[in-house]
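We begin with a single chain expressed as structure tokens, specifically the form predicted alone.
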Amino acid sequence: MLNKQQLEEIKGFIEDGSKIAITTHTNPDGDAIGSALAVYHYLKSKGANVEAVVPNSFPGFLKWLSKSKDLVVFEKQAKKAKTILAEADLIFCLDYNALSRVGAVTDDLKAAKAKKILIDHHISPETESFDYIISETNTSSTGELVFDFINAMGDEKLIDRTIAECLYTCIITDTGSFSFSCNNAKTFEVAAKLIEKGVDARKIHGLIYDTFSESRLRLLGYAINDRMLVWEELKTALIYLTKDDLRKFNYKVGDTEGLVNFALSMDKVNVAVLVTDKDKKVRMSFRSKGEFSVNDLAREHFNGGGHRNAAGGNMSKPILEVVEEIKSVLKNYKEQLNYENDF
């Protein structure tokens, strides 16, 4: 956490009318959007001059969050977003550990003269890029760290139901509704405090997990039945979706969210991979059980990174070549992949 002097400096930015911007990683998920909106509402409650910029579109199942329509989407409003970043005095960098993780926003973020505050839970933060750093890997989500930040600022009383809903969304989406990355009593203590602030846990779970469109559910069935490969000797399952597959099922942003976890749910699988062909690159989501680090795998071989058991990567190759390359790389880890899980 930040020291007293740093907290006072940040309070100064908030109270003196400085322009503040909020940013997230590209392809923002529940933790990124929830964190951004929680900080946005918190700063607004303090009377701050604040705007939030996200690199591109985010899943529809997050659009119920209060003021999500006020987020400036760089891919649609580039001129406005560039102005916000160029004029900012302080920039919050939420749920990413390196400036390259913000995609098309990277150049403008690097050029910004503003002080930058990192709040993130990913491994190996690019510390030289930030002026203030809140980085903790042993936590459920960036949202949990935002909760800690607001407390450190002496403002827990300002966490109302709206902010609490944003933070609760962070926690349940980054833990798969408390099924992973949550083996820490503090996470449940924070969740309990958010419920005390007015969060309806059942309702939010429904808004996030029970709002599938018919086309999304059919895409899920097709992916598992027709596009899942199981490499038993590597204890790995891989699902791949081509551009034609996504078009066939009227793909919308967020439709493949959580899909990789179905492959990981098999008892004979220790690593699962989702490979999708979109946005001019082939994107990969890696998940693992136990001690095998997909963060190391993604960093060393697939231009990515993340957490030990959840990471991402990308390549500029035809999708079937990427699938074969993943299998080829994993053969080098055959011994490490063949372990027993005690859960």
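Keep in mind that what you see is a predicted model, and the values were worked out from it rather than measured. One-based numbering along the sequence shown.
Separately, the form predicted together with ligand 5GP exists; it is not shown, and the next lines address it.
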{"item": "Which of 46-54, 65-73, 33-41, 306-314 sits within 4.5 Å of ligand 5GP in the predicted bound form, heavy atom basis", "value": "306-314"}
{"item": "Lys235: touches ligand 5GP in the predicted bound form, heavy atom cutoff 4.5 angstroms", "value": "no"}
{"item": "Contact flag, His122 vs ligand 5GP in the predicted bound form, heavy atom cut 4.5 Å", "value": "yes"}
{"item": "Ligand 5GP contact at Thr276 in the predicted bound form, heavy atom, 4.5 Å", "value": "no"}
{"item": "Contact of Arg283 with ligand 5GP in the predicted bound form (heavy atom, 4.5 Å)", "value": "yes"}
{"item": "Residues in 101-121 with any heavy atom within 4.5 Å of ligand 5GP in the predicted bound form", "value": "Arg101"}
